[in-house]
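The chain that follows stands alone, in the form predicted alone, written as structure tokens.
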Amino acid sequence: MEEHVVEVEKLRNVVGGAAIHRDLDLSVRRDEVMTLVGGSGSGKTQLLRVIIGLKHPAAGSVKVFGVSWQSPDTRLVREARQRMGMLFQNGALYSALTLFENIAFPLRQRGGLDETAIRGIVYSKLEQVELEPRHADLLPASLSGGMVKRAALARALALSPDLLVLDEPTAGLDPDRSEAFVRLIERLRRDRRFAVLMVTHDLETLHELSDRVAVLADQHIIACGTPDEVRRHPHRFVRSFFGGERGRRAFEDAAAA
């Protein structure tokens, strides 16, 4: 198995004719939770888009499971995509489809399964994210924010990915639901050791889940290490992000735990 599930080297990323990333290097190991942080406008979500193959970089190399999204081998690219699951910030569930149909969607796209097998997998994923079978027939509009996150997570897990990408997974959740979602991710990782690449501004979530943290500032990764290592970096964004009252409290709570 690969030592790294994500390898980004010398990335140059352009949006609207302007470079937002230059000479950016980042790697994610197969057995870790890597958290990406950065200020508003630093291009965190744009970087995720490049990593998951929704956008081509202007220059540099991006490999996931050792495969470049620009590889001419379409079979390898397809297989690499099927080893990833993505949880978008707002859930991005299809509003006209029930939860069942949302979770079944990537299974049907992959093909090779009959409806009986798909049904079994869908209900298994609902159980994994602590939703009940009766929720399968609901439309997203009828769900609470926490349930939308769980349903979107079930869809992201449908293909049993080796890499789970989370974009602000606890955004919009109250503290209790946020904590419950973090516990859910922890339990799922214990059950099945997938890697996680996460973008978050939530310091409690960062400290509770992260093995390493990468800081995006000045168009590249300025620091990467454990939360304790990174918070000591002298950059102004790091001092502001980790050094405020919330940052100190989150670090103290994590240390006490």
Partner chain sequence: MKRLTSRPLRAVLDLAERERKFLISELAQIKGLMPILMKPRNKQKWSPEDLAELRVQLRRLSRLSPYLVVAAMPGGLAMLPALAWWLDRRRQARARAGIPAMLDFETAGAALCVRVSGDWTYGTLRVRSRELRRRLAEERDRTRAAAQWDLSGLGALDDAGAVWLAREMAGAPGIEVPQRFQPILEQGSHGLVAPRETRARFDPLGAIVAIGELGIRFAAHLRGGIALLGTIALDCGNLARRPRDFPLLELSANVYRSGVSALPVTMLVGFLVGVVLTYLSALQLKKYGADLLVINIVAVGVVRELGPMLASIIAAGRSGSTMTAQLGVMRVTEEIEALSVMGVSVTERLVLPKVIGLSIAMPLVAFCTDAAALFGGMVAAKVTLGISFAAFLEALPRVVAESNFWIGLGKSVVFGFAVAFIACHYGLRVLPNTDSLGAAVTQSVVAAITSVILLDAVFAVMFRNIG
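Model, not experiment: these values are computed from the prediction. Positions refer to the first chain, counted from 1.
Note that the form predicted in complex with its partner chain isn't included here; everything after this is about it.
The partner is absent here; in the model of the complex, the one residue of 158, 131, 152, 84 having a heavy atom within 4.5 Å of its partner chain is 158.
The stretch in contact with its partner chain in the model of the complex, judged by heavy atoms within 4.5 Å, is 108-116, chosen from 143-151, 167-175, 84-92, 108-116. Though the partner is left out of this view, residue 79 does reach within 4.5 Å of its partner chain in the model of the complex, counting heavy atoms only.
In the model of the complex, its partner chain lies within 4.5 Å of some heavy atom of residue 192. A residue is said to contact a partner when one of its heavy atoms sits within 4.5 Å of a partner heavy atom; residue 121 meets this definition for its partner chain in the model of the complex. In the model of the complex, its partner chain lies within 4.5 Å of some heavy atom of residue 73.
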